[in-house]
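Taking the form predicted alone, here's one chain by itself in structure tokens.
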Amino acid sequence: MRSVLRIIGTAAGTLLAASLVIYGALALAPGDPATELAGPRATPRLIAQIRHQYGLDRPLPVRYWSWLTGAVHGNFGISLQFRESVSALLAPRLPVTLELVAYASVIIFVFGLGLGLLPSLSARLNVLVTVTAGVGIAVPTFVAALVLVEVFALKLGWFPAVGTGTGFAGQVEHLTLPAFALAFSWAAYVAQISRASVREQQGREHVTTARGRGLPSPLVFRRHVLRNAAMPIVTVSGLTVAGLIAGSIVVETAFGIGGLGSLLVQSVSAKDNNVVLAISMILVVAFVLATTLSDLAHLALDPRIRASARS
């Protein structure tokens, strides 16, 4: 229990520190949101009025505390670009990004983990998996997106290239190419880690001993190989989920999807700091949540960690 509380406390401290750093960086960045909002021909008096209206003339610590107390209750302020609540602006876009990330996560689990476990069935597949994973890791997300659009949308016409669709079937059809583009390099990375981890565990002495005792190979693989190999795979999976949300920025822009990524690009260009801050914190929360769940999974999988924590 003490270890769980320590992990949760570390996650909360990380979120607080990240919010302070991001807020301070945006506040000290070059440019003035009030000037951007007022336009190039605005008078100094109008700019001063806008700064006062949105609280931009208050001291930085006061502004940060006001934002933090509001964010805890789900209030991220007003968008300077769209003149509406940031929470209301994010509400219809967040599910789109989450659906895209969930779809890509399924692809990574099926293809990445499946490809990584192939060498355990036949040693001759080890070189094939290594080369395939290496090539997949080297392909950037935007390159994968361009190739998928060119082949499967323009030439073959199997999937649409833009939009999110309506209904479950329509959303799956429209998000297939973006999800594969987003998952491509991450699936290769998970396959590489899974292959290496399983291969390492298969050479351990206790696995050889279990096989020498005549235990069935499936039982040995499930109980002694896969369980111990799951530790690095779980760690990589946690980082993968966080990376998918960050990588969705490129994919949503490439496929014209109205999610958080495309909104972030617009908001950065318009110096809409409240929106940028809210989306940045969503990315941080996703990363911290993924790593926290990974730490808790390690605690559950490895009894040595629990024993060390108790001692």
Partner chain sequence: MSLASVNLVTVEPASGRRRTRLDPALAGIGAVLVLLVLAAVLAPLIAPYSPDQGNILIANAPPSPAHLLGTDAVGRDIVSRLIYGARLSLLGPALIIALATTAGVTLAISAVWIGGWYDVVVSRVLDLLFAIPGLLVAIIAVAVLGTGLIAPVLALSLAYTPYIARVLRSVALRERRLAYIESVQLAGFSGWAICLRHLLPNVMPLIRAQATLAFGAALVDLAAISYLGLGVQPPTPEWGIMVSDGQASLLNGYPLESISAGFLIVVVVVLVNLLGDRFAIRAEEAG
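Treat the numbers as computed from the prediction; the structure is a model and nothing was measured. Positions refer to the first chain, counted from 1.
Keep in mind that the form predicted in complex with the partner chain is missing from the display, and what follows is about it.
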Since exactly one of V135, L128, V110, L156 fits, which has a heavy atom within 4.5 Å of the partner chain in the predicted complex? V135
The partner chain: the contacting residue among V147, V72, A91, V106 in the predicted complex [heavy atom, 4.5 Å]: V147
Pick from 96-104, 171-179, 147-155, 77-85: which stretch has non-hydrogen atoms within 4.5 Å of the partner chain in the predicted complex? 147-155
Even though the partner isn't displayed, in the predicted complex is M231 close enough to the partner chain, meaning a heavy atom within 4.5 Å? no
Taking the shortest heavy atom distance, is T253 within 4.5 Å of the partner chain in the predicted complex? yes
V62 near the partner chain in the predicted complex, any heavy atom under 4.5 Å? no
Can V139 be called a contact residue for the partner chain in the predicted complex at 4.5 Å between heavy atoms? yes
Across 60-92, which residues bring a heavy atom to within 4.5 Å of the partner chain in the predicted complex? none
